[in-house]
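Just the one chain here, laid out as structure tokens, in the form predicted on its own.
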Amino acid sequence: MGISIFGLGYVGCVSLGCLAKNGHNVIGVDISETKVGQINAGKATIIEKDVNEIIAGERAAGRISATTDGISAVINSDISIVAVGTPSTDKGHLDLQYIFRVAENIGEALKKKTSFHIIAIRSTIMPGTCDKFADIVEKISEKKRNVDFAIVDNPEFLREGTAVHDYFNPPLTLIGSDNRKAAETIAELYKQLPAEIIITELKIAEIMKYINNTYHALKISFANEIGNICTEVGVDSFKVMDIFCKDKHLNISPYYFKPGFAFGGSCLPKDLKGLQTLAHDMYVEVPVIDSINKTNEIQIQRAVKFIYKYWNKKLGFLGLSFKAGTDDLRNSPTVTVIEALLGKGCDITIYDKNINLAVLTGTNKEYIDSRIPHLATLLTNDSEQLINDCDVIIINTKEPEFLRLVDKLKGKIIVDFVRLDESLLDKNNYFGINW
């Protein structure tokens, strides 16, 4: 099929490469000439395992191109996938200006198109957004919904750092629409994947990402509270949670049930806040959900207090992004910890191979500029030098190279927020936040 993808960030770039790899001709659309140029040069717009190789290969095969001209992209495709950002406002509502601009763009394109067009939204949106999107397209194009075009919600369940693996190995594929033919056409895009395809109502599909991510956020905070209690009474919290996770019938998934550091990133904080705001707008009290972020903030302050015991020593941070294998700094709890410690006058050096300040763009760059504007003076490209120069080594992400750096380390204090490896637990100079 011919597919146009609006937005070349994490979801858009991964979808672009993976759909092309499955044999489709895909046009990427973005307002950023830099991102468009990267795709047309056969380079990914993000740091993500396997994406660069896929983009390079599919560009060479002629199945990928990119443009800033959304109208042309729609005219030359059968399906448009919308993957632009939907960031939170200060009050927790979604900022939908980017997604509605795409609706206007597609509406203008459909004025010039006679064939039936399908619009699939992959961006995270609240229930009712697809209807508003369709209304804009109808108004501008003067075409009829479910006659000249149809709208589908197709939420993504990709984790940064494992996005390509997740794309080809999803837990399920979810498609919401009021047009069965359009839903079945989108389902064809995923027929090669080893997962059940569920076709449901629009609003059910729209809300599922919030339900999933709010539950994931809850699991992390729950485990950290258990970890904090266990630590204070001298019980190994990992043994406790390992037994807890043996129950696969009711507890379902052990993935997030690991005591440790705070949650962060672009999805969990935003979607948690979004679901809270939705409940508030509907006058529904949700005290457990409302308390999750407070627990997360407590975990961050616990980390600050833990490290500040060594305020007079040189602190070396291994990892800055919110998880291994990504350059995403948005809502990284480590950024918050470092910001607090800098405010207390601590001497800090940071190593993260995935962070290249020269290529940070968009909300990622805006976030770090507002939190640690002088980050460049703290970063080093030499991990060995950091180990040699610093007295306290703080491990923040599960990069495999970090184990090699600290495995034989003596004469230094190691503080681990991610339980890097079980082999470190017996070291006298090793401390975990909850173990």
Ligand SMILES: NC(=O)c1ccc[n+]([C@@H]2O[C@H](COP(=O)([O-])OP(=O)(O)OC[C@H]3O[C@@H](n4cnc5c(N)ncnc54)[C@H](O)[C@@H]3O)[C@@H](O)[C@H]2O)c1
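In this text, all values refer to a predicted model and were calculated from it rather than measured experimentally. Numbers for residues come from their place in the sequence shown, where the first is 1.
Another form, the form predicted together with this ligand, is not on view; read the next lines as being about it.
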Item to check | Among 402 to 410, 373 to 381, 23 to 31, 54 to 62, the region lying within 4.5 Å of this ligand in the model of the complex by heavy atom distance | outcome: 23 to 31
Next on the checklist: Please identify the residue among F306, Y190, Y98, F116 with any heavy atom within 4.5 Å of this ligand in the model of the complex.
Outcome noted: Y98
Checklist outcome for this item: Checked S177, Q299, T124, S321 for heavy atoms within 4.5 Å of this ligand in the model of the complex; positive is T124
Checklist entry - Is this ligand in the model of the complex near all of I220, L272 and I292, within 4.5 Å of a heavy atom of each? => result no
Item to check | Close approach of E156 to this ligand in the model of the complex, 4.5 Å, heavy atom | outcome: yes
Next on the checklist: Within 4.5 Å, heavy atoms only: does I433 come near this ligand in the model of the complex?
Outcome noted: no
Checklist entry - Quick one: is V102 in contact with this ligand in the model of the complex, heavy atoms, 4.5 Å cut-off? => result yes
Checklist entry - Is there a non-hydrogen atom of D328 within 4.5 angstroms of a non-hydrogen atom of this ligand in the model of the complex? => result no
Checklist outcome for this item: Looking in the model of the complex, the residues of 1 to 23 with a heavy atom no more than 4.5 Å from this ligand, listed in order, are F6, G7, L8, G9, Y10, V11, G12
